[in-house]
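To begin, one chain is listed below as structure tokens, in the form predicted alone.
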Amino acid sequence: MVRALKLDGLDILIESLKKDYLVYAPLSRNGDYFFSILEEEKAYLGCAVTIMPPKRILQPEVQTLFNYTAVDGYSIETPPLDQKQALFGIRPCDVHAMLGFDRVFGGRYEDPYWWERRKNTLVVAANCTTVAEECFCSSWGTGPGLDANYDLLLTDLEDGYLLEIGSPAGEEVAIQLDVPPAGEADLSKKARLLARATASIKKVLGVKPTELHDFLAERFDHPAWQPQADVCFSCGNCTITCPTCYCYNIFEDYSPALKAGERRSEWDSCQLLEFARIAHGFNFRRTRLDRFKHRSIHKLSWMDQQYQTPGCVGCGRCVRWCPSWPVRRGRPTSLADPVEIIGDLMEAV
């Protein structure tokens, strides 16, 4: 059984974390939420997903990979990445997305930049005892509760917080806290709250995840794709705010004499026209239809085939931040919503 503590509030935990970690947490900004460095503000642990996923802390939108000089020899300088940091209040869906990044950036060719930050990051997750209207995590088994892959796990019990310890690093933090152990009543209440949250999820993927590959392969030329793509702006919002999208581009800035320069990475999106442009200007996904279809099938099928991890975790960010909401079936509908995409493809031709 995982050891658990009962906290009256979060202050004692946060202050303990700040002794050894740079703490990132969801903070309110004009009614929306962002993962930012926690200083004097209060962390928000209600179930409203942050605009940008916490992946940006481990894989920044723009990051310098190294600087180089070619004066009196050749040298490379890599920025330090060994800052100890804590992701406080990260949701179960985002933890699952982070595990997906582990697979993408692990394996045969590891990304040292990801893993250097990852090994120095403490995961302080928070279960969702309420859910947002865009959430469909239960379709993927990625929420609203988390069972593993955390250092510390919080559950809001309404009369306090349950704190579960899931790793030696989490135990090091917990032993500094002068708080009582949790009892069976606390664990039972957690189970009831999570069951209630699961029952309140209204959005459901119409096809089981294990059946999505065959379902999409059989409907690759379904006529529903075209009207979906026709009202897509191809802006990339759905991919930039997605916690599992990992694509980036590499750029070089160098001096006119080619004696010094910087190599950096920047996030990229398969929804942008230039993403699939190659030598001599050829573009094998020039049409908006091809880009729309690629993003949908990669998320729902191909990523699982390639990395054995789903490309969607049901967080609902793509639903919330898609700027195209045409009226369909008599109501405004997000074009990026996987539930709606699958629903359209289920209709008979």
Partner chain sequence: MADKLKTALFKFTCCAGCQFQLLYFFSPESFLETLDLLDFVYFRMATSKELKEDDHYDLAFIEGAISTTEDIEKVKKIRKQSDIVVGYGACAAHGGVQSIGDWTPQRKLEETVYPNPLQMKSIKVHPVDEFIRVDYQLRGCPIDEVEFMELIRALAAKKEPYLREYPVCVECKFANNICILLMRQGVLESMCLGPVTRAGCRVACTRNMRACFGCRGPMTNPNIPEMVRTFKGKGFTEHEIFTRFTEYAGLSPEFSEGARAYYERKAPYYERPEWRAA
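Values in this document were obtained by computation on a predicted structure and should not be read as measured data. Residue numbers count along the first chain shown, from 1.
The same protein has a further form, the form predicted in complex with its partner chain, not shown here; the description that follows concerns it.
Trainee: Could you tell me which of 137 to 145, 182 to 190, 86 to 94, 260 to 268 sits within 4.5 Å of its partner chain in the predicted bound form, going by non-hydrogen atoms?
Mentor: Stretch 260 to 268 is the one.
Trainee: How about residue 222 - does it come within 4.5 Å of its partner chain in the predicted bound form, if we only consider non-hydrogen atoms?
Mentor: Although its partner chain is absent here, residue 222 would stay clear of it in the predicted bound form, with no heavy atoms inside 4.5 Å.
Trainee: Does residue 171 make contact with its partner chain in the predicted bound form, using a 4.5 Å heavy atom cut-off?
Mentor: Close contact is absent here: in the predicted bound form, residue 171 is far from its partner chain, nothing within 4.5 Å, heavy atoms only.
Trainee: Answer yes if any heavy atom of residue 322 is within 4.5 Å of a heavy atom of its partner chain in the predicted bound form; otherwise answer no.
Mentor: Yes, residue 322 is a contact residue.
Trainee: Heavy atom to heavy atom, is residue 233 within 4.5 Å of its partner chain in the predicted bound form?
Mentor: Yes, residue 233 lies within 4.5 Å of its partner chain in the predicted bound form.
Trainee: Tell me, which of 159, 214, 274, 82 has a heavy atom within 4.5 angstroms of its partner chain in the predicted bound form?
Mentor: Of the candidates 159, 214, 274, 82, 274 is the one lying within 4.5 Å of its partner chain in the predicted bound form.
Trainee: Looking at its partner chain in the predicted bound form, is some heavy atom of each of 24, 44 and 198 within 4.5 Å of it?
Mentor: Judged in the predicted bound form, none of 24, 44 and 198 sits within 4.5 Å of its partner chain.
Trainee: Going by its partner chain in the predicted bound form, which residues of 237 to 251 come within 4.5 Å of it through any heavy atom?
Mentor: Contacting residues: 237, 240, 241, 249, 251.
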